[in-house]
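Here you get one chain, nothing else, as structure tokens; it is the form predicted on its own.
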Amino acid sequence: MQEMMIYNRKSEKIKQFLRDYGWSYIFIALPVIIFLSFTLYPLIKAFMMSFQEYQVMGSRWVGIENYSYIFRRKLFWKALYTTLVYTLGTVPVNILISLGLALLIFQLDKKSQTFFKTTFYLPAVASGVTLSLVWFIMYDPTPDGLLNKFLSLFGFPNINWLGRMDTALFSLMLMTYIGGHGSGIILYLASLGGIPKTIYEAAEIDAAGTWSKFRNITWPLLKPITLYMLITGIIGSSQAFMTAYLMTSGGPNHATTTIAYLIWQDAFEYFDFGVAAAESFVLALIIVGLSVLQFKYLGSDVEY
């Protein structure tokens, strides 16, 4: 009898719990199922694949052979080096450009700020393929190319921007310098607007100059945004693929073969999915390691 009463009490509690919170679990079930199906399962599957020689009709377990192969492969290290150069050449420069533009725009009135924010953000909503096509026309190696025509005004000869090993990677980096600052400018403008004016007024009473106010007030208070842009920028540039694929196809002579392009090439040109999966996880480990180091050494005195 007592056991029956305990059972009924538990059953009533469960029913009450389901009445109170049942819909909540139904609502979160869909995103959880999507995450498990399209993120976690492919991740586990790719990890398993990195230890296999993948075949459609039956894969063969090869242990760490794929990892051993990519570390012996010269092209892998070259792609890693190219990605490193691309990252070092784009991320810091783009952060400085975004910060400089944000400081200039911040001095303007609200209408002008809105105009420039919209203008700079416009490339972010445009198709990457369309932008690459525009840049492809600008990099035309003939005298009719826009950049070559501009340089000819100063007496420079024609340059085969995308066809030479010494200019191809820089050409891809130049594309990021001129476009793609919209989100950075908006983040910096929002942060600049959040700095209390009283701090600047107090600095002016102490006869602080423009540079002193920037170095001692503006820059330290913008550090959280700068750290965020640095981390996301490094993650994004480490996975640079589209421009290398559309503009140069990794050439000439692998001068623009980034690690992301190499992964795609191994997977979808050579159908070596096991090697591509191993390269993907090495890249993921590098990105995670760099992110941890940045948080440890750059985020210690950052307040959020």
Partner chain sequence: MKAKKLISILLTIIFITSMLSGCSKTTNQPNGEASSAKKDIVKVWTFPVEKDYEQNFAKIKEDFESKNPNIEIQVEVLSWAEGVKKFDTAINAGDPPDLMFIVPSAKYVQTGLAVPIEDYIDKETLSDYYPVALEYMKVGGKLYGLPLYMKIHTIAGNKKLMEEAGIDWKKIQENGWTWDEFKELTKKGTKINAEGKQQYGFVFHGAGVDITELLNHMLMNNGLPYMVDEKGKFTYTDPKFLETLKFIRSLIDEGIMPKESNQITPQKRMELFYTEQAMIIGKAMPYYEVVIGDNNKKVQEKTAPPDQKVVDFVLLPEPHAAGQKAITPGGVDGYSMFKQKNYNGPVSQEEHLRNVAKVLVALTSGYAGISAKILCLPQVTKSGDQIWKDKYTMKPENKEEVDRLFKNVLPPVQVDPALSQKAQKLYDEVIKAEYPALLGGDITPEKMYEDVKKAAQEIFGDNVY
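On a predicted model such as this, the values are computed, not experimentally measured, just so you know. Residue numbers count along the first chain shown, from 1. If you superpose the two forms and keep the largest set of C-alpha atoms that fall within 1.5 Å, you have the rigid core.
This protein has a second form, the form predicted together with the partner chain, left out of what is shown; the following refers to that one.
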Determine whether any heavy atom of Tyr69 comes within 4.5 Å of a heavy atom of the partner chain in the predicted complex, and answer yes or no.
-> yes
Touches the partner chain in the predicted complex: Phe47 (any heavy atom, 4.5 Å) | no
Indicate whether the partner chain has at least one heavy atom within 4.5 Å of a heavy atom of Met165 in the predicted complex.
-> yes
Is there a non-hydrogen atom of Leu36 within 4.5 angstroms of a non-hydrogen atom of the partner chain in the predicted complex?
-> no
Partner-facing stretch of 177 to 185, 101 to 109, 137 to 145, 82 to 90, counted where any non-hydrogen atom is within 4.5 angstroms of the partner chain in the predicted complex = 137 to 145
Check, residue by residue, if Met57, Leu75 and Trp264 all come within 4.5 Å of the partner chain in the predicted complex, counting heavy atoms only.
-> yes
Which residues, if any, of 244 to 274 lie within 4.5 Å of the partner chain in the predicted complex when only heavy atoms count?
-> Tyr245, Pro252, Asn253, His254, Trp264, Asp266, Phe268, Glu269, Tyr270, Phe271, Asp272, Phe273
Please check if Tyr25 moves between this form and the one not shown, taking a CA shift of 2 Å or more relative to the superposed core as movement.
-> yes
